[in-house]
Each structure stands twice: as structure tokens, then as C-alpha cells.
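First, one chain by itself in C-alpha cells, the form predicted alone.
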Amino acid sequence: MATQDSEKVQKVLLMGRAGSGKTSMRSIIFANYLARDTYRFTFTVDINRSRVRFLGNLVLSLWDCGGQGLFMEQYFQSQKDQIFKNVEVLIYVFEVVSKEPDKDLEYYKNCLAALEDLSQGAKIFCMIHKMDLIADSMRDKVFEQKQQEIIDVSKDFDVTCFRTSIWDETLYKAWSDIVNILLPNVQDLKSSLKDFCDANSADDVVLFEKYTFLVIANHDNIGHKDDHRFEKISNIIKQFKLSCIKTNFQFESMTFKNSYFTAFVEEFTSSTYIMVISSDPDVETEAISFNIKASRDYFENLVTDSLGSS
């Protein structure tokens, strides 16, 4: 669905049983909360609806649905058409240490049945959440077991599972991957970032969404082993940006240099930041900054086009 001013609106359901962590993750990603601040949150009552503008004209209509038993029953009965119609994405949150895992799966199956009736093309993502409560040595095994249980009950639905925690980069990784799927032409962005990376003899180039600092696209010329490194950086920079805001400073750019590499982070298009990393000891910072500025208009149009037609 779209509005008259070319906004592309995507209805996103955030569902899961009470206490699974839905509101905390939403607040960290979209409302600039730190993980340590979420302990004050109480259970969501009924449905909390919010509109989150992302990359300019992409608007996520986010429905954070309270997970208490009474509300869940209403969702599948009296409110079924209202909630499950015209859904683009279902994000279902499973608490990995849930005391009633069978009940979790039952509610999840009810969601799938409702989508099958009212939103057959919806994309399904499952967060296996609070993985920090599982011992490091057991996390792979527990995640794989839980993931298989979810896949088994999903039947004909194509479901993607993520292991997440509000205390590390996994939450950013999951939401970055989800947002990437909502951008139909993201491959064009990645191709252009490769050209930019090569032209500047850079090791890495990363595009972050301006407000959430989720990773939109990147190109890596080195082949790093840490697949989550950009999400770690995203988490660090976002917290630094929030610190600037609290002290009445506006974060625009930063440069970090040591004996191994130089990293540039600058405001790029109207809805993104860019990070350029170079291990060349003779890299000219002024040249990189000039090329970033010279590429802004081109990438502004490209980011807009990545939303696809409404």
C-alpha cells in the first residue's frame, strides 16, 4: 500500500507471548533506547502501533501486539481481519527459555493460519530471543533445535530464523537482514558500493540507515572472517551518536586511525551514513572525503530507487 506522496508503507506485525522481549527490541532499534534502559518497560497492552520512517519514503507500519493470553485469543477471533489483513512481514519472537514452549508454537501456528487466509504473500521471520541466557557452549545446539521445531510447524511457509539478544550485535544483524529483504533493488546499491570501494582502493564500504544505524548494504574487498563486524560497529556508533545527542552535539562525521587502518564515517545521503575503511597507510583523508561528497547525489537517487515502485 502507498500514500499519495509516494510513501511506501509496509505493515509489520511484531508478535510473541508476553515477556518475550518484543517491545525492548523495537525500542532499541527504532526509539534510541539502550539495552540497559529497557528493564523499566512493562507488558504491552493490546496493540501498540507506530509508523517508522526508514530510508526516506519507506514507512514501516509497526504493530507491536501484546502477548498476554487474553489478547492473543482476541487476535485470532474478533480482531483477526483487522490485524492479519495486508501484512507484509510477520516477526514472531520466541523466548528461548520459555516455560511453555508448546504454547509458543501453538500461537505461532495460529498466526500462520491467519496469514494464510488474509496475507498469503507475507514474509515470515522468527527471532529466537534472549540467547544471552544460554551458556556459550550450548547456544549453537539450542538454536538449531529451536529452529528445527519452528520449521517443522511452519509447513509450506518459508521462514527465516535469527538468534538474538539485546546485549550484543545479533539484534542489529537480524533487523538489518529483514530490512534488506524489504528493499527490492538492494543489489543495485551493493553493486554501486563495490564500484565506490574499488575507486577509492578501500577495504570496506558500508551504508548505514541514518536513524537506526542498521546496515543497508556493504562491499568487502578483504574477506573478513567476522560476519557480524558491521553490526558491532553499528551498535558502537549508534551509542556514540546517542551520547552526542544527550550533550547537545550533532553527530556528523568521525575519523579513526591506527597503525592498521583508517576508518571514515560521514553523513552521506539524506537518509544514510557511509563508512569507508582503508588499510593503505598513505591514504589521503581529503581525497576520501571529496569522493564521498562527489557521490552523494548519485547515491541519493539510488537509495530512493531501491524502494522500488509503490
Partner chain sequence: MDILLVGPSKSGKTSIQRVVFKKLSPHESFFLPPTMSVETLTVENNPNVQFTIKDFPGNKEFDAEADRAILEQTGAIIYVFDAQIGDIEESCGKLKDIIAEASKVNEKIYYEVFVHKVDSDLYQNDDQKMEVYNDFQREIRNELKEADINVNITFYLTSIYDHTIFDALSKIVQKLFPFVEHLIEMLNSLHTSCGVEKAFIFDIISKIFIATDSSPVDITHYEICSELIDVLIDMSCIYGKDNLKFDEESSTTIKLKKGDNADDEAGNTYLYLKEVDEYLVLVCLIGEEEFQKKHLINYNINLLKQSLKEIFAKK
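Residue numbers count along the first chain shown, from 1. What you see is a predicted model; the values in this text were computed from it and never measured.
In what follows, reference is made to the form predicted in complex with the partner chain, a form of this protein that is not presented.
S.K.: What stretch, of 177 to 185, 83 to 91, 109 to 117, 224 to 232, brings heavy atoms to within 4.5 Å of the partner chain in the predicted complex?
M.R.: Residues of 224 to 232 come within 4.5 Å of the partner.
S.K.: Whether 270, 283 and 290 jointly form a contact site for the partner chain in the predicted complex is the question; each needs a heavy atom within 4.5 Å.
M.R.: Per the other structure, none of 270, 283 and 290 touch the partner chain.
S.K.: Is there any non-hydrogen atom of residue 132 lying within 4.5 Å of the partner chain in the predicted complex?
M.R.: Flag for residue 132 set to yes.
S.K.: Please check if residue 151 has a heavy atom lying within 4.5 Å of any heavy atom of the partner chain in the predicted complex.
M.R.: No, residue 151 stays farther than 4.5 Å from the partner chain in the predicted complex.
S.K.: Flag residue 138 as yes or no: does it have a non-hydrogen atom within 4.5 angstroms of any non-hydrogen atom of the partner chain in the predicted complex?
M.R.: No, residue 138 stays farther than 4.5 Å from the partner chain in the predicted complex.
S.K.: Is the gap between residue 277 and the partner chain in the predicted complex 4.5 Å or less for some heavy atom pair?
M.R.: Residue-level check for residue 277: yes, a contact with the partner chain.
S.K.: Since the partner is left out here, which residues of 147 to 180 would have a heavy atom within 4.5 Å of the partner chain in the predicted complex?
M.R.: The one in contact is 167.
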